[in-house]
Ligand SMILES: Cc1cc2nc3c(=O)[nH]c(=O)nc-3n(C[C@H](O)[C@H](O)[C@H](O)COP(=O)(O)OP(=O)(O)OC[C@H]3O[C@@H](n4cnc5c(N)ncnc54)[C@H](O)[C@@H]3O)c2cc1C
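In the form predicted alone, a lone chain appears below as structure tokens.
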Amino acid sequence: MTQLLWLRSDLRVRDNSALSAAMGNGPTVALYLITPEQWLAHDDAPCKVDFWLRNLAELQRELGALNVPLLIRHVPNWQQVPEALLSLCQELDIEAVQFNDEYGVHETRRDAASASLLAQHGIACQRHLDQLLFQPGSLLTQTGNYFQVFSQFRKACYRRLQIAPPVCRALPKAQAPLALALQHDPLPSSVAGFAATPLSIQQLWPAGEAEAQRRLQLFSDEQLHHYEQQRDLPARPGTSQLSAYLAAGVVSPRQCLHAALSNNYGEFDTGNPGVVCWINELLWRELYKHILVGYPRVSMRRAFRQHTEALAWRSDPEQLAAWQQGRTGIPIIDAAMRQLLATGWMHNRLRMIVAMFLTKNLLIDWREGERFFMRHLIDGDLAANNGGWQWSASTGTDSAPYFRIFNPLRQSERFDPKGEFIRHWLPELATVRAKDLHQPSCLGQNAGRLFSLPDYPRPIVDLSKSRARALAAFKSLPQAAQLEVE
């Protein structure tokens, strides 16, 4: 009987759990549902939607080589998904629907409703682990709870990896061409409600598995062993540039893990520090998705540490807009935000710096930053984005202590010492000397008069005073709640 492969954030044919299962159980038809209202409600960025569509075009060709047709259907939002699936299953006489698990409250509810409706009509749903190395709930503390501390979670992952590292699925053999009358909706090049993506961003992020594998191989061969030293330097190509491909499922975490292991003699916790460091980053990604399952409130715009909901966040639309537009007067902040706006991506170290500036120095609610990032990131991922923002805001799991507040000037001097990154994104500061570049508002004095640059704004906040304000806000929370362990 015919199998339906329901594709979501798993846009590849290699090492795809659901695809392997479907083609192993019978003739397979693939389906992708375009749900623009849901994407808008989830703040998905236009460049991210464009990236999905371009990857779907590549995937359609890859599936075609396996004689698996990819059907495109349109429904406004996820409430209509169960009926749409049932209708197609009945039309094609589908025996089972195969899909890879997603995590988040809305995703879980959509999948449960779909499985329930299909079961009522005798159609099976088979769910598969694909986005993660370990099934959520299979790694728990001794008290039976989900891990909240990364170091403890990492140790549990290491133990499991020593016993049985996850295996990549082989590319299925092509099936015989299907003799089915299939109604094909064309794959759109754009979706209503989402602005067109500039060609410059599309060129930065080519679509398809071949590109994802090329990047993984290049990083593995040339950068991985130096990752620990290079990953925090935004002017250097020290990171993998794979986050967008991981978020869309164009490459799998298993493939990334095996690429790392092959460069470290099969070791994941010893050996080359760069390899170990990158594997740990994969495990951070893993932890944040497990948190979505164990503590579903974080995917409903709630703080992981519930007592921090009482924080007196400031409402300051002008300062928020200055942060969003890259005109805070703090060069490393402004350069990072301009990188985001121009490329759909931001270097990971800079994500922490700008997030802590917004939530601590400006004392603006982390949810404002989380939403803005999702609306602009090509690699926007609920778990990673939420986890990163709550870490920086000291409201999340294993987060920075509230009294740990990055000084963006010191961060700038440490990680962009020559100002190469700043000069690239802030050409108005191109002629400023390196020693003055990190704080151009304090350029030398002449007869006691402080000079500033006419084309660059003064800082919108005093870093020392704003730090004290943030500390006071956190200290005002009930002491018992500050020590809360959930």
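Note that the coordinates shown come from a computational prediction; the quantities given were computed from them, not determined experimentally. Note that residue numbering follows the sequence shown and begins at 1.
Same protein, other form: the form predicted together with this ligand, not shown, and the subject of what follows.
Each of 242, 352 and 379 comes within 4.5 Å of this ligand in the model of the complex, counting any heavy atom. This chain is displayed without this ligand, yet in the model of the complex the stretch 381-389 from 381-389, 157-165, 194-202, 75-83 comes within 4.5 Å of it by heavy atoms.
Contact between residue 284 and this ligand in the model of the complex is found at the 4.5 Å heavy atom cutoff. Of the heavy atoms in residue 345, some are within 4.5 Å of this ligand in the model of the complex. Interface membership of residue 153, defined by any non-hydrogen atom within 4.5 Å of this ligand in the model of the complex, is ruled out. Contact annotation for residue 97: none of its heavy atoms lies within 4.5 Å of this ligand in the model of the complex. Among 246, 333, 362, 298, the residue placing a heavy atom within 4.5 Å of this ligand in the model of the complex is 246. Interface residue among 103, 134, 227, 147, judged by heavy atoms within 4.5 Å of this ligand in the model of the complex: 227.
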